[in-house]
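Just one chain follows, in the form predicted on its own, and it is written as structure tokens.
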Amino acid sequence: MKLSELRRRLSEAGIEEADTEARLLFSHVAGLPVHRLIGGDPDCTDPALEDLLARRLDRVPLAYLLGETAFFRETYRATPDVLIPRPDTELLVEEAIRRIPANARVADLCCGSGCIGISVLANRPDLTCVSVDLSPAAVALTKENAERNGVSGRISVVCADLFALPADLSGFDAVLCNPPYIARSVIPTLSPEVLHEPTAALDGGEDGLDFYRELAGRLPSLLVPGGIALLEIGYDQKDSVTEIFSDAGCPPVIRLDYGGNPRIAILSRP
């Protein structure tokens, strides 16, 4: 299959970034650097390319097909067991790198691929992290991604439910979390690509706020006095999240993302 045909078939299927995706898929199978594909139209006879195209036309996310994705300044292995790291979440990493005090002990809850905690550690060599997820597959992937990004010596990964955390997961200087926050009724309306991702990583309960309520109750034990928490929130959840944490005695500051939408709740334990 020629690169031009791959691009055409992706475009005709409504794939928005057809040109970029065609080059990435072609490069992945043919082993040619992406920059060598710009302006050319090489041919690849490997049947694996046709297979990947068929799966992409079935709206399997590109990151799952390539097996990895870029996030912040790092690269992460991506599997269908975890949510694909997204650019919006890079703002949480930026804020964490800037705000977490020196030599802090950090918790990354609902860690998924491990991208938040790992990227923070990769850019803050003074920190240590405990990453937590309910999914054994996510725990295994976080360990792999920590090794890939050179921080495995400063991270421990625990398989645990946020709603039933072990007592020893406490006393952190900082808590980071990108919890499931999609309202359950909204999930069927999401894009076909997102529907290939694990529902458990999306489902925040009937109103999308279950994890924030749980976190609000747990912050006194999770954080040392004066400790900080940085949480990703949905674009329409500013008022609800503010009310939840204000009622718990930790009124948040809401940081907007680069599109002008509420994205990060920043709060501290009194």
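Remember, it's a predicted structure, so these values are computed and weren't measured experimentally. Residue numbers run from 1 along the displayed sequence.
In what follows, reference is made to the form predicted in complex with glutamine (GLN), a form of this protein that is not presented.
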item: Triplet L165, G217 and L222 all within 4.5 Å of glutamine (GLN) in the predicted bound form via a heavy atom; value: no
item: Stretch in contact in the predicted bound form with glutamine (GLN), which is absent here, among 146-154, 121-129, 171-179, 101-109 (heavy atoms within 4.5 Å); value: 171-179
item: Selected contact from A137, V194, C159, I97, since only one has a non-hydrogen atom within 4.5 angstroms of glutamine (GLN) in the predicted bound form; value: V194
item: Interface residue in the predicted bound form among L53, A201, A30, L65, criterion: non-hydrogen atom within 4.5 angstroms of glutamine (GLN); value: A201
item: 4.5 Å heavy atom contact, L83 to glutamine (GLN) in the predicted bound form; value: yes
item: 4.5 Å heavy atom contact, D210 to glutamine (GLN) in the predicted bound form; value: no
item: Neighbours of glutamine (GLN) in the predicted bound form among 1-39 [non-hydrogen atom within 4.5 angstroms]; value: none
